[in-house]
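First, one chain by itself: the form predicted on its own, in structure tokens.
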């Protein structure tokens, strides 16, 4: 795997191999392998949007593997002087950075890969389109807590139209063979999926959550909403918040995921944080191991 751009470019075998490799980087005490396997590799991070989990987990992953990590401050670079992103990246590569992790609002990767074929790219979040490393992390977590992850009844709730996490997660589920996938959320935020042939949309959360095995909650992407679209948070909480009460409708051993950051009291009732079924912290920890697997696969190509 030279680069990781979109989930759709991976096969089920590649996805499974990444999960297996990530599990090998996890230790029984909850920590991670730390071994200088790739001391000759230099990783650069260009984040044009804020990030906590993705950025830090990639940095920790690179350092755990013995690679050097360069956190490129876009706000203090020549990009502010009018330099193009392509020229900036080419300059960075000439200084010895061989792998670039990029988060951006725009669609960048197709042009970058064509113009700069000698650089390895990792998509750390592209607009509303894709977030492949998060989808792989979520699938790893599914495998951790389910013997049959591809045979689960899955519900994704929230802002589907603007969620790159949802796009990549649903794409991965198609590749791995999941067939029973439900969607729910405000119709104005789910327009792309309401008539989708492969998924079943419910505007009623109680109906959607009934007898499901896994619930993936998503936050409202306020930073990506059009100015004309106004969301009443009280109405959202009343109709689509995941609560202790409506979780009673799910299967007894349900799993609750959220890719973060969580707006407690909006998409999730605060009390659900303390359920044993809630695996949000496991997703965070698995993010380090999965990103170690992604980097290792790219480094060893």
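Just so it is clear, the model here is predicted, and its values are computed rather than measured. Residue numbers count along the first chain shown, from 1.
Separately, the form predicted together with ligand CP exists; it is not shown, and the next lines address it.
Undergrad: With the partner removed from view, which of 46-54, 59-67, 264-272, 242-250 is the stretch that lies within 4.5 Å of ligand CP in the predicted bound form, judged by heavy atom distances?
TA: Heavy atoms within 4.5 Å of ligand CP in the predicted bound form occur in 46-54.
Undergrad: Give a yes or no on whether every one of 6, 127 and 162 sits within 4.5 angstroms of ligand CP in the predicted bound form by heavy atom.
TA: The answer is no; none of 6, 127 and 162 reaches ligand CP.
Undergrad: Is there a non-hydrogen atom of residue 134 within 4.5 angstroms of a non-hydrogen atom of ligand CP in the predicted bound form?
TA: Heavy-atom contact with ligand CP at 4.5 Å: present for residue 134.
Undergrad: In sequence order, which positions of 171-205 have a non-hydrogen atom within 4.5 Å of ligand CP in the predicted bound form?
TA: Nothing in the stretch sits within 4.5 Å of the partner.
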